[in-house]
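Taking the form predicted alone, here's one chain by itself in C-alpha cells.
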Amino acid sequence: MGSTYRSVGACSCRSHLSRSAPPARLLRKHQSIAFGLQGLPRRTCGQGRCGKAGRHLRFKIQAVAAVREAVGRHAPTDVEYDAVIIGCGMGGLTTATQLAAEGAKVVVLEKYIIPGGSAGHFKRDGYTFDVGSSMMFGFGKEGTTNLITRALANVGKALTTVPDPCQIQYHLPKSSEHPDGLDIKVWRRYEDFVEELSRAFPHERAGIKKLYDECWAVFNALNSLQLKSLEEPRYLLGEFFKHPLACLTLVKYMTGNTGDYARKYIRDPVLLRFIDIECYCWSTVPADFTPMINAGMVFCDRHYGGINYPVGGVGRIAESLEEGLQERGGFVEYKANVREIVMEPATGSSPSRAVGVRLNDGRVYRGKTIVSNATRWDTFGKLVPDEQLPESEAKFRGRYTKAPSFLTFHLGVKADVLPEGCHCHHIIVEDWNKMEDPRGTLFVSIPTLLDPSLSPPGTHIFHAFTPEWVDDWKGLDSKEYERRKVQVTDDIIKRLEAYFPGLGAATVFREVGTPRTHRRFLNRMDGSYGPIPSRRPLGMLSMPFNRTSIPGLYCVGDSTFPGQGVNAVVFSAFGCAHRILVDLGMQPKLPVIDEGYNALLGAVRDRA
C-alpha cells in the first residue's frame, strides 16, 4: 500500500462522561468506543493524542459501563403498546416518531446498540464514517417531498445541513462515439445538468429535455400532495378533491417504468445506458425495472430540494429522531434480539392476529399493532414461520428477489490525494456490460468535502462501495476471510487509482465491510439492501404497501413501496404511521369502503 494503516479499534481521547445526559445521547457519545472492544484487539491510540495506554483503556471501560447502564433501562413489558416496532432503522424509527407525535404509545426493539441501520454512523480514530450512502435527499425547505425535514420537525428537531453543488460525477466507459469516455456531472441547478448532458449528446438534446420534463410532471404532482398512506381511501379522496390534476397525473404514470419513457424520446444506445445507471445507482436495477414514479421523485428532488449533507454525519438523523421519540414518551430497547412475532390463534370467523413480539431472553412486548422494519425475507420465514406464510407473501417472492449486498471500504486518506475541484459523490462504470455485475460499478463518497469535522486535520474520508453477493464470502475461516478482504480491497483501490492517482499510498486508515458484515450488524438476510423485481414490474403497483395479510402486522422500509433509499424508506414510514393511526381509531376513516378498497388493491398487486 505504500503506507501504514489501521483497520480496527477506536480512539476515545475526545470522549467524556456526563451523568446527566439522557440515555440516547449517552449511548451515542460512547458507541464508537464500545465497538472498539467487541471482539477487537486492544491497542493504544496510534496518533499520540491519548497519553498512556492505561488511561486509554480506562476511558474505554468507563464508556462501556455507561453504554451498559444506558441500554439496561428496559422498556416496560407490563403494558400494551399502540405499536411494537422491530428494528431501529430509518423505516422503523420514523414510523415510531410519527406515531408518538400523535400521542401513540410506542416501543422500538433494536438488536444492535445504535439507531439508523444502514443510515447510521460509527467512529474510528477521529473519523466519523457513514455506514451507507452519504447522498441525502429529503432535506429541502419547500413542498411536501422534504420528508426527512418533516419527520424531524414533527418531533421538534432540525439539523444543520450543507448543500452539495454537484449530486454525482459520473465516470463512464469509452465507446466508439466517446473514445475518451464520458464525464457527466449532475449539477444542483437543473438547467446546468440538462445542458451538460446535452453537450455530450447534442443530437439528443430535444429527447433529453422531453424525458426529464416527464419526470418533472411526476415530481410536481407528488410535491403538491401530502404524502401519506396509499392504502387509506379517505386520504386519497381528500387529496383528489384538493388536487385532481396532480392525482390524475400520478395515475397516468402508475403502471409505467422509466425505460419505457426513455425509449419514447431517446435513440442513442449510450444515452439509454446512462439512463440505466441513473436508475441503478439508487434502485440497483436498470431503467426497465424502475417505476417511473420513483424515478420522477429522485431525478427532480435532487434539483428542487437538493442534496444536503447533515453536519455531524448521516447518523445524526437517526440520533435526533430517537431523541424526539424519547422526549415524547417512546422507548428504544437496544440489544433486543427478536425471536418471533407472537400470534393470537384464530377463533371462529376471526383469523390469527399479530399481538406481540418475543425476544430471545424471553421478554414479550404486546401491542395493538406490530411493525417489522426487517426485510420481507426476515419477517416472513424467520419472525413468522414458513408454515404461516400468507399466500400474498408467496406471490411476492415470485415477483421479487433479494438485491445484492455491498462491499464497503471506509478509508482515511491524506487530503492532498484528491484532485483539485473534486466533488463529493462519484460513480464509476468501466464497462457497460458489467454495470450490474458484482463489483461492476464503483460508488465513492467523500463527505468531508462538505463537513471537514468528520476526519482529523489534513485527511479526508474516502468511502467506496460496490455491489457484492454474500455467496462469495461463505465457507471461509477467519484467516481466509481476512486474506480475501485484503486482496479485494487492494484490487478495488487499484481500480480507483485510475481516477484518484496515488490513493493507495495516501491511505492512512482502512476498515472493510463485506456482505457478512452487513448481515451481522444490520441483521438483514444475506446482507441484502432490499428487494428487486425478478421480472419487469407493473410500475409501482407490484410493490407491497405497509399492511400485510396478517391482521395487526405491518411492514415498513425498503421491502415496501416506494423501495430503496433513505427518503424512500421515510416515505414508507409516513404511510405506515398514517395507516396505523387510522386503524387504531386515532385518525378518521371511511369504514364502508376501506376494506373493499384494500382488497382490490391487494388483488391488483398480487396479479401485477
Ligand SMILES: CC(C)=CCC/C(C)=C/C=C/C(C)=C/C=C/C(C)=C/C=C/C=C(C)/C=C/C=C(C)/C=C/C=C(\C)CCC=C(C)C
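Residue numbers here begin at 1 and follow the sequence given. Owing to the predicted nature of the structure, the values given are computational and were not obtained by experimental measurement.
In what follows, reference is made to the form predicted together with the ligand, a form of this protein that is not presented.
Remark: V298 counts among the residues lining the ligand in the model of the complex, judged by a heavy atom distance of 4.5 Å or less. Mapping the unseen interface onto this chain, M254 counts among the residues with a heavy atom inside 4.5 Å of the ligand in the model of the complex. The ligand is not shown here, and in the model of the complex it never comes within 4.5 Å of any heavy atom of Y499. The closest non-hydrogen atom of T369 lies beyond 4.5 Å of the ligand in the model of the complex. Taken together, the three residues L236, V444 and Y597 all come within 4.5 Å of the ligand in the model of the complex, as judged by their closest heavy atom. Residue heavy atoms within 4.5 Å of the ligand in the model of the complex occur in exactly one stretch of 96-104, 266-274, 499-507, 127-135, and that stretch is 127-135.
When you look in the model of the complex, the only residue of H425, H121, H460, R376 with a non-hydrogen atom within 4.5 Å of the ligand is H425. Comment: the ligand is not present in this chain, but in the model of the complex one of N294, N308, S320, S455 has a heavy atom within 4.5 Å of it, namely N294. Contacts to the ligand in the model of the complex (heavy atom within 4.5 Å) from stretch 219-233: L222, L225, L227, L230.
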